[in-house]
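Next up: just one chain, as structure tokens, the form predicted on its own.
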Amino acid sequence: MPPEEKMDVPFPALTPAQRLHLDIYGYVVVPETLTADECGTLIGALQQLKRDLTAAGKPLPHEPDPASKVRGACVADRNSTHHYFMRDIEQADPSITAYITHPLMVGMAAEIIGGEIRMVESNAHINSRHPDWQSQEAATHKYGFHRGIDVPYGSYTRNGLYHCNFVKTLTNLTDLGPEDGGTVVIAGSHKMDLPPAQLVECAYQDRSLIHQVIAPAGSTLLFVEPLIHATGLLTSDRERIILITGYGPAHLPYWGDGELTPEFKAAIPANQHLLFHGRQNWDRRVKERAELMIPADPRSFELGIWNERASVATED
């Protein structure tokens, strides 16, 4: 096969302690992945997209006319008054595309997946308090718990370390305090091949099993989709703004409803072809961390310009 150009990403991207935290709990919060200015840029892009989607009548997935969408994006729910869920946003704004292609995000996901990856979904959430938030008590609140892939299909162990076929980077662009509705997870459920309803019931019996993300703006929750998770209870008067990319092995399909425009496709550089188009075969080209105590790649990476990423030349 001819030489293939690939994007330069950190490997390993996680410190040993971060990697161990993810193995044990199914998630890890990585601080300072974005600067305050980068968060501001992305908030501006998402708020503009929200305005544009509202002006377009809040197009839904699977609309008969793709042109009704806004730069490929749509909303998941047209009727919600407090939760604006924007889907398929990978080409909605260059800064959003820069987040999806951010070398640190890609590197963290690739480390957990264990090889070449592609983007399988992208979305963002802007949510505020539920209209009847005052009637909800944190001690008894029931969350919308779910998982995105089951344990046997979604995960494996190699070199003593956990890997998963569906990983997400969820970056909070606003501060998340105890009352700001940060993501909640049932810690360790990513390794429990039991009916989710049983795990949820046990977590309600002992709420110490439920971990909530509390983190400053610019932090990234890296988690695996067999982990049972949900949106937290938001009771503050602040908006919660998060940006999410789902990644999978390169041979898995994109499962959003977006369709890349010819103009966007033409702008994709060679080193991101795999990230956006995947590879139609089962040779997933493994690259796994050999052991836990390997130090993290110390380089820092910026949000940058998405189609001007640095490359590394490798031969297949």
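Just count from 1 along the sequence shown to find any residue number. Predicted, not measured: the structure shown is a model, and the values here were computed from it.
What follows is about the form predicted in complex with a small molecule, which we do not show.
- If you check the small molecule in the predicted complex, you find a heavy atom from every one of T183, H229 and I242 within 4.5 Å.
- H146 is the sole member of H146, R207, R158, H141 with a non-hydrogen atom within 4.5 Å of the small molecule in the predicted complex.
- With the partner omitted here, the residue from L173, L170, I117, C74 that has a non-hydrogen atom within 4.5 angstroms of the small molecule in the predicted complex is L170.
- Looking at 150-158, 94-102, 189-197, 234-242, the stretch with residues near the small molecule in the predicted complex, meaning non-hydrogen atoms within 4.5 angstroms, turns out to be 234-242.
- Using a 4.5 angstroms threshold between heavy atoms, E225 counts as touching the small molecule in the predicted complex.
- Within this chain, R129 is remote from the site of the small molecule in the predicted complex, having no heavy atom within 4.5 Å.
- The shortest heavy atom separation between H211 and the small molecule in the predicted complex exceeds 4.5 Å.
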